[in-house]
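Before any questions on how it binds or moves, here is one chain, the form predicted alone, in structure tokens.
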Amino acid sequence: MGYIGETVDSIKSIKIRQLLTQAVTLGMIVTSALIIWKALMCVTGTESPVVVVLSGSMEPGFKRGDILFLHMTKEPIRAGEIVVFSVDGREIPIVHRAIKVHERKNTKEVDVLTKGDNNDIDDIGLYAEGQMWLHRHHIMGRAVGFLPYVGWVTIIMTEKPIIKYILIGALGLLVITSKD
């Protein structure tokens, strides 16, 4: 009958109890992933403890597809540190180096000017209109480590959604047809 016929027969023979067990197992996996993510948020002090480098603006240090691990403390950002920030009007975070720091004398707060290592000019053009510096609330975290190339999975699934749907469908079929 072939593989497809056996798969269809396997799906038809699934018992309700087996289906519920698989659904509960999937729910536990998703819940565990969310708990781990929330724990990482608490430990690192940032809303996004892991980000993917999406452009070549930080080459040669970080390449497109590298994963960065972030940490945020109360210590002020210093020139030379790699920071991840978001600006008003843009939902995708940006990974660049702090090139200038301006400390406000009255509050000891630090304002930061950034630039990509591979860019010719600073990031003022990326900031909101009229904004000259990044403030503390714009900065998501400092880069404290990285994994090269691992983020390509995210980039490919974002740029080619059909691959994401095929992968999800294949995993769903695998779960449904497993004999456990």
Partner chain sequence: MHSFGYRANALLTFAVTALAFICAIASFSDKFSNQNPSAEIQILNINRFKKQSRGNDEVSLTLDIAADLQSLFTWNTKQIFAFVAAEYETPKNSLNQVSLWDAIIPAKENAKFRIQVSNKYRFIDQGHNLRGKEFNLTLHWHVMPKTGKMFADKIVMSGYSLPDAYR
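Numbering follows the first chain given and starts at 1. For clarity, every value in this text was computed on a predicted model and none was experimentally measured.
One more form of this protein should be noted, the form predicted together with the partner chain, which is absent from this view; the next part is about it.
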Task: Option touching the partner chain, based on a heavy atom within 4.5 Å in the model of the complex, out of 35, 28, 42, 147 - done: 147
Open item on the list: in the model of the complex, does every one of 64, 72 and 94 come within 4.5 Å of the partner chain, counting any heavy atom?
Closed with: no
Open item on the list: Can you work out whether residue 90 and the partner chain are in contact in the model of the complex, taking contact to mean some heavy atom pair no more than 4.5 Å apart?
Closed with: no
- [ ] Give a yes or no for residue 133: in the model of the complex, does one of its heavy atoms lie within 4.5 Å of a heavy atom belonging to the partner chain?
- [x] yes
Open item on the list: Please tell me whether any heavy atom belonging to residue 143 falls inside 4.5 Å of a heavy atom of the partner chain, as the geometry stands in the model of the complex.
Closed with: yes
TODO: Indicate whether residue 84 is a 4.5 Å heavy atom neighbour of the partner chain in the model of the complex.
DONE: no
TODO: Just give me the residues of 37-61, first to last, that have a heavy atom within 4.5 Å of the partner chain in the model of the complex.
DONE: 59, 60, 61
